[in-house]
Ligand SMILES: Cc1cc2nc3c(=O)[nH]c(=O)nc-3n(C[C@H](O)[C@H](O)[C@H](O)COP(=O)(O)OP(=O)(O)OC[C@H]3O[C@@H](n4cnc5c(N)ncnc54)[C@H](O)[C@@H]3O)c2cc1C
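Before any questions on how it binds or moves, here is one chain, the form predicted on its own, in structure tokens.
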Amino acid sequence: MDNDYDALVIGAGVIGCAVARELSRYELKVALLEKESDVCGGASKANSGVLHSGIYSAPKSQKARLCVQGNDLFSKFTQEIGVELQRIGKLVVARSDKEIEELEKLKKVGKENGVLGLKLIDVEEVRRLEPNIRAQCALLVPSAGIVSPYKLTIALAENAWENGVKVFLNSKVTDVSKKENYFDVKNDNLTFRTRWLINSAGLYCDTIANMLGIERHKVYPCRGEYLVLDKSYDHLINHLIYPPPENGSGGLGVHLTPTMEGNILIGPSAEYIDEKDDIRTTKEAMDKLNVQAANFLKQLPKDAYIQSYAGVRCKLIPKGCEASGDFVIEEDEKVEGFINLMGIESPGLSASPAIAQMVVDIIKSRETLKPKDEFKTRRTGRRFGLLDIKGKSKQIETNPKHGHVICRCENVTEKEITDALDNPLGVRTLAGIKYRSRATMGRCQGGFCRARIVQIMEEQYKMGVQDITFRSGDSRLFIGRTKDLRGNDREES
């Protein structure tokens, strides 16, 4: 049957895509199912993009072990898929004697977990490294870094596809049943059959598990909101800046995160919510973020913000609980062949390469896997806007469409827009273009370039304006035209 697979992964966030790609190294027929119109449609796209080192997780926990392993693997991991990584380091800053005690505890935990290079630095060293930060001292974590979470996830999915994984988007799982030696997995249109079923559904991992009668864990959604600073303020910090974490808060505290593209993120907040898909931003959270960031950042101009957004954490621990919880990664003892990945919140992105290897090791413990003779890696060039004059001139000589800038804020060219539209997963939405090229992500937030992108979609890709969506079929931007291209009034609207 066309829909028979050796392994099927539910959920195309960073973990699901990493697992699918790792499985694609072997002679296996693999499928990846995602309910959204693109990969990275849930929590992964709202991730801070921080490569953690392992100073926060309890010693001997899966979180600690996999975070440290993942951090070690990340340089090779990102090189293989053509995604840039910067190990800029982290400062966990203390502003009181009590917080200094917390830094000592973090350093001790980090050493127990095998994190190298940890160092407590005094106020003079903090000032030298971070002139704009208020602190009495700080814990320096040199192995921490930053990566683009959406570029990472997209690259993993596309590399998995290049190695034979079938990717099914807009494919919400409606039912799962266990037969004698396989699973039937249904969406609205198809039934898939698979020997191994990997549950990487993020916030909905408990929903998938419940379909098989597994009810040991419940997800408690916790929303985190962010503020985004304009790139002109990228000079304010040089490292990741964190406060000591607060027990029972649901997060690591409001921190300052430089991004790969030059923006600084402020956040996230932490608020337990009732609905898993509630990603609204609130004035209350924005005000709180501003106040908390100002506590240790000396300069925070009011006109610096260009955007806000929110994501929802997948927690297995309810509000007010002092414990941080641990990752659940296991083949269910009662349902053979079902591998559960539950509660994969921070530092899930950092642990993703190690989690993917762990899933493959679970399968290897039960059967022999044959590596493929040829496994394809990826090499992608730098964005046009990040090249020097010589590099840009060379790109324009290679393809004149690079000489036509569509997004002025991010310096995105027509060639980069068409490359995004020609992605191997077949995604043709404005969000798909946004996360592949960064068009519409600058200070004007698409005010200038969105109309030009729509024109390219309509003229070069023959898409009717009424079929152009932001993310899915429910997010159409237009219902039709009031005028044709010659300016004549149309009867319909």
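Predicted model, so just to flag it, every value in this text is computed and none were measured. Residues carry their position along the shown sequence, with the first being 1.
Below: the form predicted together with the ligand, not depicted.
Q: Would all three of Ala201, Ile344 and Arg408 be in contact with the ligand in the model of the complex, where contact means some heavy atom lies within 4.5 Å?
A: Result yes, every residue of the spot touches the ligand.
Q: Want to guess which of 420-428, 464-472, 57-65, 39-47 is within 4.5 Å of the ligand in the model of the complex, heavy atoms only?
A: Contact-bearing stretch, as computed: 39-47.
Q: Residue-level question: is His404 within 4.5 Å of the ligand in the model of the complex, judged on heavy atoms?
A: Answer no; every heavy atom of His404 is more than 4.5 Å from the ligand in the model of the complex.
Q: Lys172 near the ligand in the model of the complex, any heavy atom under 4.5 Å?
A: Contact with the ligand, yes.
Q: With heavy atoms only and a cut-off of 4.5 Å, decide whether Tyr226 touches the ligand in the model of the complex.
A: Looking in the model of the complex, residue contacts with the ligand include Tyr226, since a heavy atom lies within 4.5 Å.
Q: If you check in the model of the complex, is Lys35 within 4.5 Å of the ligand, heavy atoms only?
A: Lys35: yes, in contact with the ligand in the model of the complex.
Q: May I ask you to choose, among Ile339, Met358, Ile208, Ala135, the residue with a heavy atom within 4.5 Å of the ligand in the model of the complex?
A: Among Ile339, Met358, Ile208, Ala135, a heavy atom within 4.5 Å of the ligand in the model of the complex occurs only for Ile208.
Q: May I ask you to choose, among Ala157, Val92, Val412, Leu349, the residue with a heavy atom within 4.5 Å of the ligand in the model of the complex?
A: Flagged contact: Leu349.
Q: Hey, which residues along 368-407 are within 4.5 angstroms of the ligand in the model of the complex, non-hydrogen atoms only?
A: Heavy-atom contacts within 4.5 Å come from no residue here.
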